[in-house]
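Just one chain follows, in the form predicted alone, and it is written as structure tokens.
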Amino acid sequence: MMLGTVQSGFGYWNVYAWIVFFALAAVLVFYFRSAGRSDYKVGTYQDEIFYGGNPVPKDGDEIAVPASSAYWGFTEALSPFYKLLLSLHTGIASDYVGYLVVTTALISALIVL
């Protein structure tokens, strides 16, 4: 049986150290889990959704926020990048293969240097 330290070409890892790590992580998780509120009761007002102190509408359409609104700042900040990507998108497979070859060449050059 081969347990203990495993040597690889890039270093080593110890099985027992990882077992101890996961055991400590499990203990921490159980500790934080047990530190929760003991007065929580299912099916009471504690289960209600907080909607800014207002009653939650029954119809979900009233509270729906379109994704374009939620990510407006993100898409606006990256709009030059999106425009570049859209200009590169031709739908022709040979173009994408060319992008792959160029990207692979650049990454290979970076690794070699």
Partner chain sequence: MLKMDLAKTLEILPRSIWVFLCNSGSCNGCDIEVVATLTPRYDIERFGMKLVGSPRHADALLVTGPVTKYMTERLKHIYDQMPDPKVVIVVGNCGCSGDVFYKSYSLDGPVDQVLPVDVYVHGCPPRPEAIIEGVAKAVLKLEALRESLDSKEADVADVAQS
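Numbering follows the first chain given and starts at 1. Remember, predicted model here, so these are calculated numbers, not experimental data.
Just so you know, the form predicted in complex with its partner chain exists too; it's not on screen, but the next bit is about it.
K.L.:
Indicate whether its partner chain has at least one heavy atom within 4.5 Å of a heavy atom of residue 41 in the model of the complex.
P.N.:
Looking in the model of the complex, residue contacts with its partner chain include residue 41, since a heavy atom lies within 4.5 Å.
K.L.:
Considering non-hydrogen atoms and a 4.5 Å limit, does its partner chain approach residue 49 in the model of the complex?
P.N.:
It does: once its partner chain is placed as it appears in the model of the complex, residue 49 has a heavy atom within 4.5 Å of it.
K.L.:
Within 4.5 Å, heavy atoms only: does residue 54 come near its partner chain in the model of the complex?
P.N.:
So residue 54 counts as contacting its partner chain.
K.L.:
Thinking of its partner chain in the model of the complex, which stretch from 22 to 30, 77 to 85, 41 to 49, 63 to 71 has heavy atoms inside 4.5 Å of it?
P.N.:
Comparing against its partner chain in the model of the complex, the contact stretch is 41 to 49.
K.L.:
In sequence order, which positions of 66 to 80 have a non-hydrogen atom within 4.5 Å of its partner chain in the model of the complex?
P.N.:
None of them.
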